[in-house]
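Before any questions on how it binds or moves, here is one chain, the form predicted on its own, in structure tokens.
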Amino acid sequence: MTRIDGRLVARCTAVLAGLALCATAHAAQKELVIGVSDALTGPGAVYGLPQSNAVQMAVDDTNAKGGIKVGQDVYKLRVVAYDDKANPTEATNSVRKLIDRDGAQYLLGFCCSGPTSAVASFIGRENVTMLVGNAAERAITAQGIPNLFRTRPPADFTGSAAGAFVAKRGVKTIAVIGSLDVSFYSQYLEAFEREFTKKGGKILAKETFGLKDRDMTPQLTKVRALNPEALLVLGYVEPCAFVYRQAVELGMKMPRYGFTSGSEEQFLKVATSEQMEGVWDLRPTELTVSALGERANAYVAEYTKRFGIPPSPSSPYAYDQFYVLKHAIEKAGSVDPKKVQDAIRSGGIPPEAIMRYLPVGSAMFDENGQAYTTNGAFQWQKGKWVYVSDLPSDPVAYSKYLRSLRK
């Protein structure tokens, strides 16, 4: 009987061990849905598709390392992405599907301000966490929505630094051509003009183009007659590239400044490198490896290998979003969105972050849910964007200003 009892004990022990392993395996198979709403087609896709790709790449890397550990559970991640076409109605529908049908409590992406603002108008009533990328409209974080955070600084935070930079370069008169009916471009221009005129500069003209316009010669012809010392071009990559190209074709040799955040490949679809030579882009210090270092270099290499094309300069906003979320979930020890939001508010800059962030106090995000990157002056030189210098920026002062806008 002793031998038989020993066998029974051994068998029972084995069964119990097996049940424990099954329970562990079951816990490890938990899934967390990451929702992405972004412009995957249309004019906004130059920003939205790279953001969506960046989220997927970060998720794949995390899953390959085992997922996210939360207490005794390990979560594998699944991305569900919808195309909002940079349209407010489509974005609202996409987010409603992500929340109501797919069960997503974490929403990433959001490259364009119009659709992002539409979602922001109701997201505060939902039990979700929303992380905004490239969308630069100031009002998105001026409302103090407790479950919304943005990695890109507002457009006017950059615009004021750009105005001071152009004035310091000795420019006294400038003409503006851009998507001036789009709020975040108009906000950039307002801040630019305030600093530029403060230092003795004058804007001679403000000409507008639409997102789908391709012939900019009427606006350029008007501007040329005023003989400005420089041009300021504001808008999405493709229409701005047409402005740069057609200005050269019209013999306009003045310096050209812009606010676009496009990659070399995106501009070269419209203009030649010779036509782009000397153009400045005054924008957040985004994905320029010479300005960001080795992590950015590795990011570019991995993205290019995965997707067969280099990433856009603004795509790491979404990549960084994901790692903000990952570390906040781990810090909270929970996937409850409210606990994760508290962890985001008090959290620092994740070690995987690609962009150069300026913390407010010890936190990455200020009380408005807004993060700040450095601003930079980039110039097209011999076929590529070259980082030239930082644009002095004050996130603490801007944070107080943003807080003052709440109703």
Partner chain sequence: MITEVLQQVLNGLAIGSVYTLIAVGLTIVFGILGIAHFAHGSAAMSGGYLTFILTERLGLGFFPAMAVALIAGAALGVVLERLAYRPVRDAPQINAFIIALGLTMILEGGNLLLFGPDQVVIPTPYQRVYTVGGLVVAELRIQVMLTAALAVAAMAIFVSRTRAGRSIRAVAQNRQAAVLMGVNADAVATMVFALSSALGVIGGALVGALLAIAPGVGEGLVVKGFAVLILGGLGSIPGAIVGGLVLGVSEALAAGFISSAYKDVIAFLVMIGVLLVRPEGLLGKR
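Everything numeric in this text was worked out from a predicted model, so none of it was measured. Residue numbers count along the first chain shown, from 1.
Same protein, other form: the form predicted together with its partner chain, not shown, and the subject of what follows.
Asker: Considering non-hydrogen atoms and a 4.5 Å limit, does its partner chain approach residue 222 in the predicted complex?
Answerer: Within the cut-off, so yes.
Asker: Would residue 100 count as a contact of its partner chain in the predicted complex, using a 4.5 angstroms cut-off between non-hydrogen atoms?
Answerer: Close contact is absent here: in the predicted complex, residue 100 is far from its partner chain, nothing within 4.5 Å, heavy atoms only.
Asker: Counting only non-hydrogen atoms and a 4.5 angstroms cut-off, does residue 145 reach its partner chain in the predicted complex?
Answerer: Output for residue 145 is no: heavy atoms all beyond 4.5 Å of its partner chain.
Asker: Examine residue 251 and determine whether its closest non-hydrogen atom to its partner chain in the predicted complex is within 4.5 angstroms.
Answerer: Residue 251 belongs to the contact set for its partner chain.
Asker: Which residue, 214, 125, 168, 305, is the contact with its partner chain in the predicted complex, using a 4.5 Å heavy atom cutoff?
Answerer: Comparing distances to its partner chain in the predicted complex, the residue within 4.5 Å is 214.
Asker: 185, 299, 242, 75: which sits within 4.5 Å of its partner chain in the predicted complex by any heavy atom?
Answerer: Comparing distances to its partner chain in the predicted complex, the residue within 4.5 Å is 242.
Asker: Kindly confirm or deny that 238, 246 and 270 each have some heavy atom within 4.5 angstroms of its partner chain in the predicted complex.
Answerer: Per the other structure, all of 238, 246 and 270 touch its partner chain.
Asker: Considering its partner chain in the predicted complex, find the one stretch among 206-214, 127-135, 317-325, 228-236 with heavy atoms no farther than 4.5 Å from it.
Answerer: That would be stretch 206-214.
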